[in-house]
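Starting off, we have a lone chain in the form predicted on its own, written out as structure tokens.
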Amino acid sequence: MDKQKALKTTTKTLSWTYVLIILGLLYLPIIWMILWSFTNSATFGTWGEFTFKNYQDLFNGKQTKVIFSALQNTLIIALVASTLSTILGTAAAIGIHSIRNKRVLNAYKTTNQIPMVNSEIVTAMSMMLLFQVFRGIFKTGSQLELFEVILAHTSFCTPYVILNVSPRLAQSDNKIYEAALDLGCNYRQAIFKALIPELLPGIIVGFVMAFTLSIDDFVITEFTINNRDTISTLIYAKQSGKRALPSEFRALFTIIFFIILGLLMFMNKPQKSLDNKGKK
């Protein structure tokens, strides 16, 4: 018994040690960045003094206009692309779920997985070539490049929405949808009043995932945008030539981290709470 108890204790200790090491590798760089956002030291190895200067410079400094212009572009692209992705992905998931032929169903599922497993550089290059063809045909130049980036992000994010909504469809009770039809709803009313509330948790998670993927994306954005900057392309431009990033970017990254953390906490709310919201 003593040996079993000692073995159990050792296993538990090793398990916790392994978890702490992994968490340390993942989050220590972020914690380091957050700490250094409160000093104006030029390098991460030398602590100057505790200050909010980086945050002041972020909102009222030389780079403020450039940063917030890039942030505005980023949010516009992310919000529009994630909204379109959610609408298209939800509709596609419902359509795929209604397919009864297994071969056709597997073909659709495989097709949906290709953009997710495909190299992002391939998607970015193909999008760039496609938009160049459209610009040549319709003589638009770069006037619609923000619209083009939104389309590129929508095509990139939609499969992830389908991936999040499909499990909810598999778990949903078809009898609710059929009962709505029997009680006098037409197909549109049955979908919006009976089916969509059932899928709401998956739709919300899909939207948040599409939003974060769009904000985070660099490769597709870099290949499809020319005369504007997003946060990712601005950081790349500032970092080119191995120059040190302006210190106010540390404050910006810290704010973005806590916003994303809040979104993730919202995504990971108890499923029962989300289900209750969907039924209401």
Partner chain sequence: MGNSSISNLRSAFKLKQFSRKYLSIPYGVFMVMFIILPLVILFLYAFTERKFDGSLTLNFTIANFKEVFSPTNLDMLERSFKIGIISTLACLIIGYPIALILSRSTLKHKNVIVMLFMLPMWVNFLIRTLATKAVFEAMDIKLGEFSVTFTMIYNYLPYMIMPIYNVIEKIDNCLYEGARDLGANEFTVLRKVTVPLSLPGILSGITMVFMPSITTFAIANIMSNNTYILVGDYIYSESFISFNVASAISLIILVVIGISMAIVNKYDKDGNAQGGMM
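Take the two forms, superpose them, and find the largest set of C-alpha atoms that agree within 1.5 Å; that set is the rigid core. Residue numbers count along the first chain shown, from 1. All values derive from a computational prediction rather than experimental measurement.
The discussion below concerns the form predicted together with its partner chain, not included here.
The candidate spot formed by 25, 29 and 113 is fully in contact with its partner chain in the predicted complex: every one of the three has a heavy atom within 4.5 Å. Comment: its partner chain is not present in this chain, but in the predicted complex one of 203, 127, 194, 77 has a heavy atom within 4.5 Å of it, namely 127. Checked against its partner chain in the predicted complex, the candidates 179, 71, 144, 94 yield a single residue with a heavy atom inside 4.5 Å, and that residue is 94. Using a 4.5 angstroms limit between non-hydrogen atoms, residue 83 is distant from its partner chain in the predicted complex.
Though the partner is left out of this view, residue 239 does reach within 4.5 Å of its partner chain in the predicted complex, counting heavy atoms only. Interface membership of residue 219, defined by any non-hydrogen atom within 4.5 Å of its partner chain in the predicted complex, is confirmed. With a 4.5 Å cutoff on heavy atoms, residue 10 does not count as touching its partner chain in the predicted complex; it lies far away. Once both forms are fitted on their core, the CA shift for residue 98 between this form and the one not shown remains under 2 Å.
Core-aligned CA deviation for residue 66 between this form and the one not shown: less than 2 Å. A movement of the C-alpha atom of residue 107 reaching 2 angstroms or beyond is seen between this form and the one not shown when the two forms are aligned on their rigid core.
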